[in-house]
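One chain follows as structure tokens, the form predicted alone.
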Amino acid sequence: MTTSDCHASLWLARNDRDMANCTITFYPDNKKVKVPKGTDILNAAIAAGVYINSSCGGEGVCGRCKVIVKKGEVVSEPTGRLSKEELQKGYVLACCSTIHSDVEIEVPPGSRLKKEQILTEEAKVERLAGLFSKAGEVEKGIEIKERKIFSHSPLATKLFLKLPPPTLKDNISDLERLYREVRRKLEIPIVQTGLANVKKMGRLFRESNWRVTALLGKRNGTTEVVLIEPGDTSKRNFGIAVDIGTTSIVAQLVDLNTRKTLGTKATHNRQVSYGEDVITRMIYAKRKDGLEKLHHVVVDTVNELISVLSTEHQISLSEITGVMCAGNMTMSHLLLRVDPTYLRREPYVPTANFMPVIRAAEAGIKINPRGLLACLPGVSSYVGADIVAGVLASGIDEADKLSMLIDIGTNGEIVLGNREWLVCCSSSAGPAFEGSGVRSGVRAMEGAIQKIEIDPEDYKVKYSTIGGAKPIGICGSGYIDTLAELLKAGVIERSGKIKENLNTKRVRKGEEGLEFVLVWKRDSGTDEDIVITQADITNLIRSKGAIYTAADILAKKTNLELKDINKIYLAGGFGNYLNIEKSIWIGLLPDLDRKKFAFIGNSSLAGAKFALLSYEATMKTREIAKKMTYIELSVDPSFMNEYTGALFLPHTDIGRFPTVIKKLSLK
């Protein structure tokens, strides 16, 4: 049975079995699924394994789930999100249209979730390079002396034991005999195991001639004998590090003995069908079966990545004994099927910052049936384990000098500090940098415009897309470029207002006011003009203003200025593709020496791998989480005062951006 068939079966099982079923066919995937009459097209698509853009969680307000009804009876609610021309062509919104007969649906390019540009590279930072090296060793010709070293002690460790058979003189119980041999090899004050192991222990020991392999797991402060296998299986022990992001999920297969990374796979987080941001998903979780659906979708995705990795590397799922996850607080709650409702309600308290280590099977993760699943700790509702993992990977908690970590997305999470202290905050940047809430916005997938240049003489536009495909829209990094280039070319004022009397057809009046055409429809992959509107520019300025202000406030709360920061690490997929220079031009990042900025890749995945391979690193994440002081900006009056000043390009106080004044000749 395919994954799509599983989705369909699970979905149908929750519905009235006596209702008439309709067959729906989705093109161009040519996938079919039977669903009860009255099912909306969006849920039918999810059941079929067809993934359609939908950033509002099916509320009918984002207008991104446009599909074309080619055949059959569909009843649609009026939404005002479709033009007359689109209605005439048979367009409907998938979330607001129900199926009442066998139907055929075409998903147009702009509504498809294509292959995304997902960052799978680990953080390239000093701590990562010397993670398991020893002082005195030589690496790339340089003797390692002062790097912070984490001991090799995986989440799950296999230990081969030759147990001495019992005698009349040595007549302790089988269980105590096991514990004694474990302690002879490892310094473990407390060892425990479950009843399931005890029940089979007597026969297993004797039938294996007292030669067994014990799987030891680090579980909630103690060491547990998780599994006992006959013979020596210690050489085959693998783990999975997972970064569960709001828009993408990355899994990495690791040999827990050699510490070698065997492979990495990534895909989009299919929860996006229920909402593009965490708030929308929290709201969706309150619906009937909402939490269950969100949980199953993320677990199914993780299981698929694990299955592909294990198959490619000829590893049995039973040989995978541990999974370590890092993600924001909402993702951690949904992975473990914990209600995320109270994360968004004042006083914004998570159910748990420190999740217990559990059997992976309890969450539905398919590895060894007794294998372990751990989630790294978070700090608050909006600063989660992905940020804690980033601090661990970057090593700013061990640095003498002041450093800042910035992870830009729908929420901008920022950490500032050094070995003595850490403060953090989260600022709601909105979905614009994720390609949502803007007219031609798309996520970073094939065909998304990621780089832009505008000639200030004739306003001609040069662009490049992900994968070199025909442009279908603009992703977050493309919008940074666009805003900077519009400012540089004099198309917009510092307030962001589009200049109306320019000598170009690219500036025109659209349905929502003035707009600038970046790509004419004859050149686009959607047969529509790709534009940036006045409303888009306003949204982008608000988003960049929220990030800059959060960084500025965080520094001021510690009686410092941004210029005092020695290093600024940019983490995550979006941060990795930023153009630093243009980000400074628009006032997203502070105007500092460009050498202070460093891209560190997927630091969430790197931190998860550290913790998977080292119990010391796991405990370090707990120290980091406890050490970080969270500042709630939403109730801080100084934030709004500073924020209004950031709603200019690059800022109302232009003196903060001296190099931008010079390069762009701003006044």
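Please read these numbers as outputs of a predicted model, since none were measured by experiment. Numbering starts at 1 and follows the sequence shown. By rigid core we mean the largest C-alpha set that fits within 1.5 Å across both forms.
This protein has a second form, the form predicted together with a further copy of the same chain, left out of what is shown; the following refers to that one.
The listed set Lys162, Lys199, Arg522, Lys462 contains one residue whose heavy atoms approach a further copy of the same chain in the model of the complex to within 4.5 Å, identified as Lys199. Though a further copy of the same chain is absent from this view, in the model of the complex it lies within 4.5 Å of a heavy atom of just one residue from His268, Arg112, Lys265, Arg337, which is Arg337. Contact with a further copy of the same chain in the model of the complex, defined as any heavy atom within 4.5 Å, is confined among 173 to 181, 92 to 100, 514 to 522, 493 to 501 to 173 to 181. At least one heavy atom of Pro356 is located within 4.5 Å of a further copy of the same chain in the model of the complex. Although the partner is absent here, Val349 lies within 4.5 Å of a further copy of the same chain in the model of the complex, judged by heavy atoms.
Taking the partner from the other structure, a further copy of the same chain in the model of the complex has a heavy atom within 4.5 Å of a heavy atom of Gly194. Thr311 falls outside the set of residues with a heavy atom inside 4.5 Å of a further copy of the same chain in the model of the complex.
Taking a further copy of the same chain as positioned in the model of the complex, the residues of 218 to 239 that bring a heavy atom within 4.5 Å of it are, in sequence order, Asn220, Thr222.
Relative to the superposed rigid core, Glu616 undergoes a CA displacement smaller than 2 Å between the shown form and the other one.
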